[in-house]
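Okay, here we've got a single chain as structure tokens, the form predicted alone, with questions on binding and movement later.
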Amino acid sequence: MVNSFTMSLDTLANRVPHGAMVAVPADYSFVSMAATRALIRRGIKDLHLLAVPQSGIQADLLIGAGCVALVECAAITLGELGPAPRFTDAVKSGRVRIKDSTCPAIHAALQASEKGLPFLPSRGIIGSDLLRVRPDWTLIDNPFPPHDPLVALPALRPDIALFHAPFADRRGNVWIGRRRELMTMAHAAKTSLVTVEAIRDIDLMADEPLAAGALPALYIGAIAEAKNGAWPLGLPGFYEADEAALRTYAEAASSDTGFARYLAALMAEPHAAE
């Protein structure tokens, strides 16, 4: 162990309680697939998965493995590879509940927690069916002219922000570059669990160019090194997504038996990708 922040991947996964609200970023951001596999190996249950603001293979894997009770998201999709099959099946069968949301609503609700506010207002949802299915979103009057209606979005405070990053330093600071959604997630959550490609012998906060893209250790609960930890997704600016592996998953997950075989292979070789 390097310091109080760093630990093994499985030890980091053990810090996620059953039933926790876990915020995860979209596939185009820095997704910790290494931690996702570790959570599945551990047998995590009843997660409230908050996609910021959407998710793909990460959410689909966790749902298919029976780790999720509730999904809050703007969308769960495999993108060009089609719908997320395990998510679709679980929602249709009622095995997983869904809280429909929108990208701006999720970001605003996280920003409310980030700012220590009970809610933030929004206009764009007015007139949509979302107000019918989200009774926790409340219409209020704008106290200023033109005194028009607004939607009060309750603050979202995840138990954990879970993501991958290119590197951290030995003081627990994590470099996230321009991924500002990760900053918002970390500010809003009670703590952040982060996997990284490497821990470097530098001080991110003492380096002016790097400090601008660094998340201070104040917001970090634990860090684990996981080389290629976003695989089969890419780590933008560092390596590309493995399109063949993503296609293999999409094909396997399209049926119960195919997904069961995929999951069995994952469990049989738990650290193969890490």
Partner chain sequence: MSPAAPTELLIATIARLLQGVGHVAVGASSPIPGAAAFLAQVLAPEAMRVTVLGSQRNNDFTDGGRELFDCAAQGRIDAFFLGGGQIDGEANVNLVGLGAYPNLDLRLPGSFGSAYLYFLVPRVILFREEHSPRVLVPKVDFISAPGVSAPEIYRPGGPQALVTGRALFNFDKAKRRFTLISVHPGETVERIKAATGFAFDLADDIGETLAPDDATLALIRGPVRDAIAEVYPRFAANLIPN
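Numbering follows the first chain given and starts at 1. Values in this document were obtained by computation on a predicted structure and should not be read as measured data.
What comes next is about the form predicted together with the partner chain, which does not appear here.
Scanning 202, 103, 155, 152 against the partner chain in the predicted bound form with a 4.5 Å heavy atom cut-off leaves one residue, 103. Exactly one listed residue, out of 236, 232, 221, 216, brings a non-hydrogen atom to within 4.5 Å of the partner chain in the predicted bound form: 236. Three-residue candidate spot 254, 258 and 264; no residue lies within 4.5 angstroms of the partner chain in the predicted bound form by any non-hydrogen atom. Within this chain, residue 117 is remote from the site of the partner chain in the predicted bound form, having no heavy atom within 4.5 Å. Within this chain, residue 45 is remote from the site of the partner chain in the predicted bound form, having no heavy atom within 4.5 Å. Looking at residue 181, you'd find a heavy atom of it within 4.5 angstroms of the partner chain in the predicted bound form. Looking at residue 140, you'd find every heavy atom of it more than 4.5 angstroms from the partner chain in the predicted bound form. Residues of 126-147 placing a heavy atom within 4.5 Å of the partner chain in the predicted bound form, in sequence order: 126, 127, 128, 129, 130, 132, 133, 147.
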